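Here's a solo chain for you in structure tokens, the form predicted on its own.
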Amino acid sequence: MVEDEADVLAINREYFEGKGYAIVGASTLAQARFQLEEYSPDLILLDVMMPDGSGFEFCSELRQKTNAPIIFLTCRDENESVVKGLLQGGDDYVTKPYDLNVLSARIGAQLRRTGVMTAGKIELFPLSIDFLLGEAVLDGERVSLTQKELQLLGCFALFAGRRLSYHEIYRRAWGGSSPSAAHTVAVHVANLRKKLGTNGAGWFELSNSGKGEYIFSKVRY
């Protein structure tokens, strides 16, 4: 959450931590840049009016680093600028002052769009990934995956429909970076395709853009 008002950040933190979310706060855009080097957020709440810049402009910068949904927090008289922010990569906006229940619903909607993760599980019908049990079930059938393949599939499911670079995939599934990241990801993706049946007429498609980017898409509904 990128928010310069300390009391607002504190209230939001208390509310959402009570719902089981882990919150990382930043009171300036400079601090947010630093936090992004340390954390990989699942969703970003971004205030527009920050002391060291505009959240709308910062959104374009964020899109070079993360595919996480971005929800703008705006004042009512900024609504005309919201279109610009959405065109720069934002996913939604909530006007201030806002009801925390409304904000929670917007967050839930964005997380459902990218794949829901609750209590160690990701549900992206008809795919279910349970990290506590260490298993994946596709259309009622258990898929035999190694632990690393399970983590990789979880990464793709959380960001279904979005392009992910091999750098981002490696960082999320393996942690850190490696000179052999591209090869490592390619090998594991090939194995995952075979086990999920994404090379044929399955529920999902796992494609490579040819530029080191992968996209996991649902092709049957």
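In case it trips you up, residue 1 is the first one in the sequence shown, and so on. Predicted, not measured: the structure shown is a model, and the values here were computed from it.
Unshown form predicted together with the DNA; subsequent notes refer to it.
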With a 4.5 Å heavy atom cut-off, would you call H183 a contact of the DNA in the predicted complex? yes
Taking the DNA as it sits in the predicted complex, is F56 near enough to touch it, meaning that at least one heavy atom pair lies within 4.5 angstroms? no
Taking the shortest heavy atom distance, is A190 within 4.5 Å of the DNA in the predicted complex? yes
Using the partner position in the predicted complex, report whether E213 sits within 4.5 Å of the DNA, counting heavy atoms only. yes
Complete contact of Y166, K194 and N208 with the DNA in the predicted complex (any heavy atom, 4.5 Å): yes
Please identify, from 122-130, 140-148, 99-107, 86-94, the stretch that has a heavy atom within 4.5 Å of the DNA in the predicted complex. 140-148
Report the direction of the Cα distance change between L132 and T66 in the predicted complex, compared with the displayed form, as closer or farther; the change is 3 Å or more. closer
